[in-house]
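Presented as structure tokens, the chain that follows is alone, the form predicted on its own.
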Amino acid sequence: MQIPKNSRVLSGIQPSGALHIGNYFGAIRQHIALQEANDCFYFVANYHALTTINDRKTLEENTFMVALDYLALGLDPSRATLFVQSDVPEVTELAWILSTITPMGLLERAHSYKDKIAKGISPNHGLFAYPVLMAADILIYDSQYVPVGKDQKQHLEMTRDMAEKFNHIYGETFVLPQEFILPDVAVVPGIDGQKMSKSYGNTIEIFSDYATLKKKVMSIVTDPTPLEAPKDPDKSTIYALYRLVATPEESAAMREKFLAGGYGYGQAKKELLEKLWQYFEPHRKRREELLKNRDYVVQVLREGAERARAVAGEVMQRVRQACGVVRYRS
């Protein structure tokens, strides 16, 4: 499936910590590509992050740095709208209105809520009602397509359920968004072999310094296969990560060395380290420039918020008229 050109595309990312290569290859790289032919809205989801971050300075800094990193990684503000979720207050108004027509059972079935509770995260209303705010994020911009991984598909289904119910009760008001399953995206493994995730503490950050990157790469968990023995590249975290940043020819060469034997994991890690460092070098230089010009990043976010609010205001006007929420102030 391909997104038709000039479609409204929306995605958000939580400022829960430094961006890692799982974020990049799992979503950000595709977001950057989509801006070439579509009307893309990308936001930093700081309201969502409040469900797990309770420190003001951490949330403020993370929010700014995620926006800066998106720009460093190739987002073009002349082609895509970049903004912070909380700069569009209409989204919380819509979230409340949607919550009045959302069945409790729908929220109780949310996989993400169950998963987080299973991981020991203390439940709160924000975590439980997360899908409602997410639906508001999507619907308030008349989003047509939302890029998601297969594990996030349920969120889009829930959003459509809410939109369809509202439309059924009050008349056609919302555009029904379609999920766009990101193509050719394998699960990016972390240093322990599990899916790379901040919650697992197994990430490799995109913009860490060389010494930190080296420490992370050299700590990748491997099996006890001896140096001289052949190794299965398809079961190796090192090879899985190397394929993301190497050319097909380079990947094939590493694969042959794994299968031939006499090639140690230590050497493979060194090759991965250099490839990762080289791959992100242009983005690292752009990031250094942006760090010296923080006012530019602020201006991008302000202009993005203005455009986002203009669209959100039109949608909210439709919603208020549909459900009878009267505003008497000018």
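When you see a residue number, it is the position in the sequence shown, counting from 1. Rigid core (definition): largest C-alpha set, two forms, superposition within 1.5 Å. Only a predicted model underlies this, so the values are computations on that prediction, with no experimental measurement involved.
The same protein also has a form predicted in complex with a small molecule, omitted here; what follows describes it.
Asks: If the cut-off is 4.5 angstroms on heavy atoms, which of these, Gln152, Thr222, Gln178, Ser86, is the one near the small molecule in the predicted complex?
Replies: Partner contact (heavy atom, 4.5 Å) among the options: Gln152.
Asks: Given that the small molecule is left out here, which of Val146, Leu71, Leu98, Ala80 has a heavy atom within 4.5 Å of it in the predicted complex?
Replies: For this set of options, the contacting one is Val146.
Asks: Based on heavy atom distances of at most 4.5 Å to the small molecule in the predicted complex, which listed stretch, 210-218, 98-106, 137-145, 162-170, is the contact stretch?
Replies: Result for this chain: 137-145.
Asks: Closest heavy atom of Tyr130 to the small molecule in the predicted complex, within 4.5 Å or not?
Replies: Yes, Tyr130 sits close enough to the small molecule in the predicted complex that at least one of its heavy atoms falls within 4.5 Å.
Asks: At the 4.5 Å heavy atom threshold, is Val297 in contact with the small molecule in the predicted complex?
Replies: Because no heavy atom of Val297 falls inside 4.5 Å of the small molecule in the predicted complex, the answer is no.
Asks: Taking the shortest heavy atom distance, is Lys275 within 4.5 Å of the small molecule in the predicted complex?
Replies: Lys275: no, not in contact with the small molecule in the predicted complex.
Asks: Does any part of Lys269 reach within 4.5 Å of the small molecule in the predicted complex? Heavy atoms only, please.
Replies: Lys269 lies outside the contact set for the small molecule.
Asks: Classify Lys216 as shifted (yes) or not shifted (no) between the shown form and the other one, where shifted means its C-alpha moves by 2 Å or more with the rigid core superposed.
Replies: No; Lys216 is a residue whose C-alpha shifts by less than 2 Å between the shown form and the other one when the cores are overlaid.
Asks: I want to check Lys116: does it shift between the shown form and the other one by 2 Å or more at the Cα, with the core superposed?
Replies: For Lys116, whose C-alpha is compared between the shown form and the other one after core superposition, the shift is 2 Å or more.
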